[in-house]
Every structure is written in C-alpha cells, then in structure tokens.
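Take a look at this single chain in structure tokens; it is the form predicted alone.
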Amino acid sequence: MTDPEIFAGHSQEVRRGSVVVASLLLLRTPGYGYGLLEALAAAGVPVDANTLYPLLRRLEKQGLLGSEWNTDEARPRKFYRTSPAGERLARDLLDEWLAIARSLQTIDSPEGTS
C-alpha cells in the first residue's frame, strides 16, 4: 500500500489541472463560487475555497469566464459563466486529458510496454 502522505502529494498534482477543466465545464451553467465548490465536490473533484476563488479570478482575467453581480438578494453574489473562449479551452483541455488517460491505460496494459 502506498504511503498516504506520498499518495496525497502526487494525487494533488494529478488533480490540479482537472479543477480548471471541471470549473469551466460546470460554469457553462452560470453559478457562484460556493455553488461551484459544492458541485465540484459532488462530482468527485473536491477543491479548497482558498484555491477556487483565486482560480475564478484568474480565469476571469484571462477572458475564460464572464461574471456579473446578482443584487436581488440581501447579500450580493457574483455569478460566473464560461465565455466562448473558455468553452473552447475546456474542450481542448478535456480532449488532451482524455488522450493522456488513454495513453496511460495503454502503458498499463500487459501489452503496453512491449
């Protein structure tokens, strides 16, 4: 069995890029940060709020997310939505991720290294 601490470190590296893809895919339907945290956790991509909120600001600054404030409630909330550029990036990254997964499966198969 793998040392849990070692596994946690490497697992975090594997998951790091998947948070961007998952966020862009989930925000095709507009949502706010806390709702995205919950949706990511429910989808099996848990992320810490201290990681997600800076990521959302970075993606917005890069033009991959748009945002608007909803002031209908007592506490205003910022809603994010994946932009057309974010849609294209999400598709390209997902294709890349799937290609890597297929390659790893091939390598892991009994015939993969022969």
Partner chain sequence: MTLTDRYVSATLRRVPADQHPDLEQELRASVADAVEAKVEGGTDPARAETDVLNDLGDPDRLAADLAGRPLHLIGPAYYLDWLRLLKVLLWISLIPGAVVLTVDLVDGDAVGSAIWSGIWTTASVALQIAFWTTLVFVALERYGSPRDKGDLTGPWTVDRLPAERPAREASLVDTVVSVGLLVLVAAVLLLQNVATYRAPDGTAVPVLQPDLWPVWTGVLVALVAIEIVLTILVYARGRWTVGLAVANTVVGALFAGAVVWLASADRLVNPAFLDVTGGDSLAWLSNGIIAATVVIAGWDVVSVWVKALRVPRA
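Residue numbers count along the first chain shown, from 1. A quick note: this is a predicted structure, and the numbers were derived from the prediction, not measured.
Keep in mind the form predicted in complex with its partner chain is missing from the figure; the text below concerns it.
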Within 4.5 Å of its partner chain in the predicted bound form, all of F7, H10 and S18 (non-hydrogen atom): no
Interface segment, criterion being heavy atoms within 4.5 Å of its partner chain in the predicted bound form, picked from 39 to 47, 72 to 80, 85 to 93, 22 to 30: 72 to 80
Residues of stretch 52 to 72 in contact with its partner chain in the predicted bound form (4.5 Å, non-hydrogen atom): Y53, P54, R57, W69
